[in-house]
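Structure 1 and structure 2 below are the same protein chain in two forms, each given by itself as structure tokens.
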Structure 1
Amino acid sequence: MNPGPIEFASLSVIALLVAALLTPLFSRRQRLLIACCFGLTAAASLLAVVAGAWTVSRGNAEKIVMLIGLPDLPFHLRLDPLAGFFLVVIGLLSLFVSVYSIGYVKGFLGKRSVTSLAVFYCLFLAGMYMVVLSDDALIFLISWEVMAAASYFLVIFEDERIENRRAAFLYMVVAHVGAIAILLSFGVLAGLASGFGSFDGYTFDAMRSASFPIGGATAAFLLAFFGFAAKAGVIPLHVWLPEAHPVAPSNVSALMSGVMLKTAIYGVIRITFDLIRVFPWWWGAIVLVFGLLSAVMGVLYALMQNDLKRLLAYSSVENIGIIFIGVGLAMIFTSFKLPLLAALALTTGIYHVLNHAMFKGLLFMGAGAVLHATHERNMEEMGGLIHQMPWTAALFLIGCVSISAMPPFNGFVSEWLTFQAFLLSPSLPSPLLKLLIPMGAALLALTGALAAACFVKAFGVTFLGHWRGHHRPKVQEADWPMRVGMIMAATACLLLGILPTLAIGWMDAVPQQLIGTSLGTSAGAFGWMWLTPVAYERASYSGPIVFFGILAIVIAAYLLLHVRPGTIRRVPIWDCGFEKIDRRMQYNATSFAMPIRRIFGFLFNVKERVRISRRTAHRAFPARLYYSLHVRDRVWGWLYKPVIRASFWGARKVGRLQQGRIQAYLIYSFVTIIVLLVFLR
């Protein structure tokens, strides 16, 4: 029998599980463990990419029934175009990060054992692959818990730090609250599919063949959206994300932000478009509103940050919001029977899934290289790294340009397509949506402008100017495995921006499966060079022409300015007539964000203080100024602190029952027996 895509995908999962089992055998030889473990995960990820790309290209589905579940409840696996696409996304970034990890994880040698990191890294990847391959509620939830538990142990890897333990605990609480909501959603769907007296409806095939009443379907959708939004970091369920991502090892942060969040997007699309299938327009409006809220607030939170990895984490909230904007628009267009526009919006969402995985993985790998070299995450203590780390600076710049939606890189294409979907809203028959959706387009435009400012700050403060820190470490460029991982991700960002028509034509099987209409015919009507989303009369974009045009301008500028001697003259830096510039006389992260903070400060809890030290002979000349700034998330104070306080209050009240005296415990037992006798007679 010739192996098919699902056999390749299964082999990938088996390889990861075998690697997790065998890794502890090499615990005494840490360098060999790193090479073998991450080499094997790279190979397994490549298998997953092949399986997913093969499935999407063929446009069909394959199934496997595994008789290893509970009695009469076997595990069902299915690889269809939707699962195949997400398998490619997860596998592609996992391949890049695994290569990067061969160099990055060596930084822990001599400080701590990396055995647990390697084991849970393998389980983390296996859990994500199994989530998208699952075809019944049982194996889906088991895979979901494997992914969550493995990522918890990866976040807490450096467990001697209190912030790691706190972040991991918060992440696990939110993850399990979301998992309970997902479990209840599957319970409602399974009960409606086969009756609440049997378990026959637990398979996704049973749910697909059922016709759900609108009330039950709405309850299932709201539960599922809440559960998956908690995992995706949608505002106001985002509080775990800026805590967990910065403290995790940077290779893990790249995977958590780049692809783990996307499993939640997969879950929403799978339940809404594949299992329920028929839904009212206001479901899409809910998704759209939360997407817009997350996009705007996420980028504003990111702009306020001085911690490089925390900035990237909040930026993930923004990009998850942009993805949900596309999914919400697709749901609205589908409910109004506009299949071509629905295909455009859904393609926009899933294309941004792929794009975000590439550029956010690249940015986290770049941040990891900076942290690896400087042992510093605070941008206020960085600067001038472009001279010591030119490779990292150039690759990080590609990630910054991509995430800022600037051509010719991939972020521009998916956000441009999102605007095209917004601009087609007059096709909707609802006057309310005709008013609200253009307002959403304006908010998306604001988000794009703020994102560009955010990553000008991230790159400029980190890599340009002078070193701002008080103690300058000996900075060295990232080693070659780390560079290769970043180069592969940067190349993907460029290719997805130059050749979007080919990528959209390849992923066309996904909207065809879920909506019944494809976008490839209209998008590629004028060949691979031109992207025409719906019709060329409305809008068109040519990635290759833009790329070669920009390249020609760069080459011409180089020839005019750098080839001829004497064209460029170097002089001392001028600062209002004062030439002796030091590290204090330059923009830092706090000052860069000050104008934005003045405009949008009411959205945050901002505490800004200036203290003057007057230990001098004259009052007019203070010895020193002490400036402090704290920007806090209002959602934490409004929503989470009251719950935490109530939980501790209840725990203290219940704790009084524990007296430590045998007489009290005997009284409790006696009262319990009396109550049972009264109510069970």
Structure 2
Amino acid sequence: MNPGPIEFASLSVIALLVAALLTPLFSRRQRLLIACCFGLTAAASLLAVVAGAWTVSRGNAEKIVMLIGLPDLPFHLRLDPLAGFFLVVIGLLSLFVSVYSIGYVKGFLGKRSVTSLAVFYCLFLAGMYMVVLSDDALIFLISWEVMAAASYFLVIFEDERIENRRAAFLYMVVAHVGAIAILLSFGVLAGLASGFGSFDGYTFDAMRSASFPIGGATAAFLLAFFGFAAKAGVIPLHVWLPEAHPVAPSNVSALMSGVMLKTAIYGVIRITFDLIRVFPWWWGAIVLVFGLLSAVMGVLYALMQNDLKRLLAYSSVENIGIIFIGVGLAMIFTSFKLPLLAALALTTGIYHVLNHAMFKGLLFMGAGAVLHATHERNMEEMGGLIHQMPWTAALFLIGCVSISAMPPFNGFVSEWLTFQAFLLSPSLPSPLLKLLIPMGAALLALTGALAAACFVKAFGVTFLGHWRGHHRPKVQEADWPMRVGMIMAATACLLLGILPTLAIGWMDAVPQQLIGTSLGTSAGAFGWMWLTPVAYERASYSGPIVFFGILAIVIAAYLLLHVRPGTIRRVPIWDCGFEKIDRRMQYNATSFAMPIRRIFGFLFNVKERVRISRRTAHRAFPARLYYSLHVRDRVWGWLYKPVIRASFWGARKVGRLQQGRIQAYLIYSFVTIIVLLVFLR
């Protein structure tokens, strides 16, 4: 038998599970353990990438039925273009991050044992691969739980800090609320597919061949969207994300933000486009509205952060929003039977999935390198790192430029395509939608512009200027494995940006599978240089020309102006002739975001306090000034506080049952048995 892609993918999962099992054996020799474990995960990830890429380019599906599982309920695996695409996304970033981890995890040596990190890292990857491979509700949920549990243990890895334990707990709660919703959704679908009396409906195949009544399908969709949105961090279900992602080790944060969130996107696409297939337009509208909300609010919250990793986590909320915009538009177009437009919108969505995985992974790896070097996450305590960490700075900059949607990098391509999808909305038959959907384009534009501001802040405050902190640690550049991991991700960002036509041509199998139409004929109609979605007259973009054009002009100008050598003199800072300049006069993260905080302040819960010390001759010349600023999520107060209060109230009520007397407990059991017997006669 010739091994096909799905055998490769299974082999990759098996390799990860074996690695997870074998790793504890090496726990005495941590250095060897790091090299072996992360080397193995890198190899396994490469295997997964090959399997996924192969499937997508072949454009067909393969299945395996495993003989393990519950009696009569075997596990089904399936590798189709959609699964293959997500396998590539997850595999690519896992490959980069695994290489990076070889260097990064060494930072923990001598402080704590990294065995648990390595074990759960392998399980986490295996869980993610299994989620996209699974083809029945049972194994999907098992993999989903493996992924969630493994990531919980990764978040809590540095468990001596109370904030980490709190974050991990919050994460666990939200993940499980979401998982329950997904479980119920699958229950509804399976029940409708085969009747509530039998279990046969649990395979995705059964669901695919069934036709669902609209009421049941809507219930299933809403439950699934709630569950997946909780995992993806869609506002207002995002609160766990900025808590949990920053406290995890940075390589894990990169994976969580870069790819774990994408499994939720995968889930939504799988359920709507593949399992339910026929749906009304307002499902898409729901996804679109939540996408827009997450995009705008996510980036605004990101702008307000001072913690580098928290900023990146909020920016993930924003990008998930952008992806959901694409998916939502695709759903609207599909329901109005406009397959070509739907294919375009879906392509923008999944292209952004790939792009976001690359640049967010890169940024978290960069943040990890900074954390590794300075032991600091607070940007107010950083600055000027570009001089000590030139590699990290340059690579982080590539990430920043990509995420801010600047040509010629990849973030721009997906944003540009999303705009094109928005601009096609006048083809919709409903007049109100025609009017409302282009408004979404304005919000997307606002998001893009704010993201640029946000990443000017992130890069500028962290790497530029002078050191802002109190005591200055000795900073060393990241070591080679870390650099290589980041370089690979940065290269991917650039390549996906200047060669989008090839990438989109390759991933065309996904819309082909789900919608039945692909962009292939139109998007690459003018060769690999020109990206022309829909039609040449409509819009076109050429990544290579933009990139090489700018490069050529820059080089030409540089060479022309350097005919006179040695004309640069290094002098102290001028600053309009001000002499007493010191590093505390620099703009920092808080002051940079101040104008935006004032303009959009009504969206946050801002507590700003200025206190002037008493000992002063005149109010205008205070000796000391204290400034404190707290910016909080409003959602927390509106949505979560009441829920928390209600559950505590409920818990107190239930707590009264606890009497401490054995007879009372026996009575409870007795009454329960009587009641059950009455009802289940």
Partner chain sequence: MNLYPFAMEILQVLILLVVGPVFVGWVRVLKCWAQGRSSAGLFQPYRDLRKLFSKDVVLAENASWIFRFTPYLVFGTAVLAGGIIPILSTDLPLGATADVIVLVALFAIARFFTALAGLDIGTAFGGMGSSREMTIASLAEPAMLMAIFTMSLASRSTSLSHMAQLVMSGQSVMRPSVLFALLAFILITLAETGRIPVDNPATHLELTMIHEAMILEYSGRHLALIEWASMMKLFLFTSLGIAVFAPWGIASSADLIAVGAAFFFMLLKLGVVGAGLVLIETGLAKMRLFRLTEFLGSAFLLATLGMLSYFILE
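In this text, all values refer to a predicted model and were calculated from it rather than measured experimentally. So that the term is clear: the rigid core is the largest set of C-alpha atoms that superpose within 1.5 Å between two forms. All residue numbers here refer to structure 1's sequence, counted from 1.
Between the two chain copies, the one drawn from the form predicted on its own is structure 1. With the core superposed, I673 shows a C-alpha displacement of at least 2 Å between structures 1 and 2. With the core held fixed, Y558 shows a CA shift of 2 Å or greater between structures 1 and 2.
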